[in-house]
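Here's a solo chain for you in structure tokens, the form predicted alone.
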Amino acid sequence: MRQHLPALLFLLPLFAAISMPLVCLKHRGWSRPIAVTVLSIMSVLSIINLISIIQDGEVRYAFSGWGPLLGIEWVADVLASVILVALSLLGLMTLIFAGSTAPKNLGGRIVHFYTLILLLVAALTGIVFAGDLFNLFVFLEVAALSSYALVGVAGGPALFAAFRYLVLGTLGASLYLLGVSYFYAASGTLNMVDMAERLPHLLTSKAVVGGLLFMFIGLGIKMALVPFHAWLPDAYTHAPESVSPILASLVTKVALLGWVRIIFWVLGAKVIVYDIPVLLLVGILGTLAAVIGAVLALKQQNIKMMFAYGGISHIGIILIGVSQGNQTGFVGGIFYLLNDAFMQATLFFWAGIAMCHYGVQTIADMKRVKQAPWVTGALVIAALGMVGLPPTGGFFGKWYIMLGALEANNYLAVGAVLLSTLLTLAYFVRLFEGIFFPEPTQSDMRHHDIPFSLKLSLGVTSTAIMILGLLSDPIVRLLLAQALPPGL
């Protein structure tokens, strides 16, 4: 059973997505219970899988019994298993949140929505487990196609945002595939483990250098890394309130994880630290992204646009961590990635509630949520995590990232993290000023009946921000002991 858990975790949402249009053809109301049940089971299995991997080691699963060089190999190690727990839980919370928001902004496309969410979760699972570069491309594209459709499913301005996302996403996918073809031409294999053994002898090959550059740009577009981020703000802002949380919390993070796999597990830690200055480039772009994203977030009036640029800034902070070339920075970056997934979900859950039930779209509307202390409290927790204050997980993630930068004598990276933190604090101060000053008018003080499903989703993700902080020590120890790339 243990050996088949990775395949089962993928096939559950995939088969549910394929069968849902037929099963729910006459009974549209079945779509939500089916999707919630599937992701509930997936969440439980992902936790079981993580416990199994911690106790008994990684699982390498070969589909249909074919060996890794001819067949498809999946790798379920501690890093993949930890990310998968977050992925399945956040997917489940998104479906619970969508129970009352989706009908309002999706019209009659409810079955389409749940089908696409399940397909997106299945594709992201495939990216996390993928053991070869081509299958990573396949799942990146399935996830991208699902994301394009989810952004544009409500129609209106979202269609233009989805189209721009599609154009840039297709460009990114094409560049990534071109890079994979260069790697294959140079090494004669697509399997990550096999390629890792061959590439150290091919570092002078122009095909390897060119392929690496193409893959970096392609995945840079997918993860919305500055300056390849143009598609993200409009896509997240105009996407339905039931869609933005899963896009912001998972899609860019999993693409970033794919890039980390390639540079650390395929090229190898020793190569990128000593032979090819990949980490230097990643660190520079991460520094720029951390500061530029925070500056652009500070300039926004629209709440979702502000959160979107804030997410771009935090992609940069994660890259600063993993680019330090030492264990402390790498683990800090991965731990911060995990935290940022829950922080982004919390922010966009909050934005959905504020918009649907209080009519909040800009900072000027923020006074309307003053009458709801639980809504404001959730925003406070998310803000503490984004700024990086204890006892949230965001504090400990930034702490280890800065320790890694100090260990590498990279004071520019430390300065970038601190500056982006101050800018993040500045735009959250603007939000809280909007809540408490000026006083809400009588028309703003209306009673709003918030469905329990929305409170549950927001409560779970905001609580997770605190729990990750309280459990930071055992999680970081686990990552240090079992999730480091070879040679780091």
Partner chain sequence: MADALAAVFQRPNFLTFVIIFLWGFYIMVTRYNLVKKLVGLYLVQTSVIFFLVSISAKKGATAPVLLSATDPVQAFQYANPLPHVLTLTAIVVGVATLGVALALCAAIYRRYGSLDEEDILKRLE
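What you see is a predicted model, and the numbers here were worked out from it, not measured in a lab. Numbering follows the first chain given and starts at 1.
FYI, the form predicted together with the partner chain isn't displayed, but the following is about it.
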| the partner chain contact in the predicted bound form: residue 327, any heavy atom under 4.5 Å | no
| query | Looking in the predicted bound form, any heavy atom of residue 377 within 4.5 Å of the partner chain? | reply | no
| query | Taking the shortest heavy atom distance, is residue 160 within 4.5 Å of the partner chain in the predicted bound form? | reply | yes
| said: I'd like to check something about residue 184: if you look in the predicted bound form, is any of its heavy atoms closer than or equal to 4.5 Å to a heavy atom of the partner chain? | reply: yes
| The single option of 205, 361, 371, 170 touching the partner chain in the predicted bound form, heavy atom within 4.5 Å | 170
| The single option of 194, 77, 365, 141 touching the partner chain in the predicted bound form, heavy atom within 4.5 Å | 141
| request: Quick one: find which of 170-178, 410-418, 289-297, 334-342 has residues within 4.5 Å of the partner chain in the predicted bound form by heavy atom distance. | output: 170-178
| remark: Near the partner chain in the predicted bound form, with a heavy atom at 4.5 Å or closer, the residues from 37-57 are none
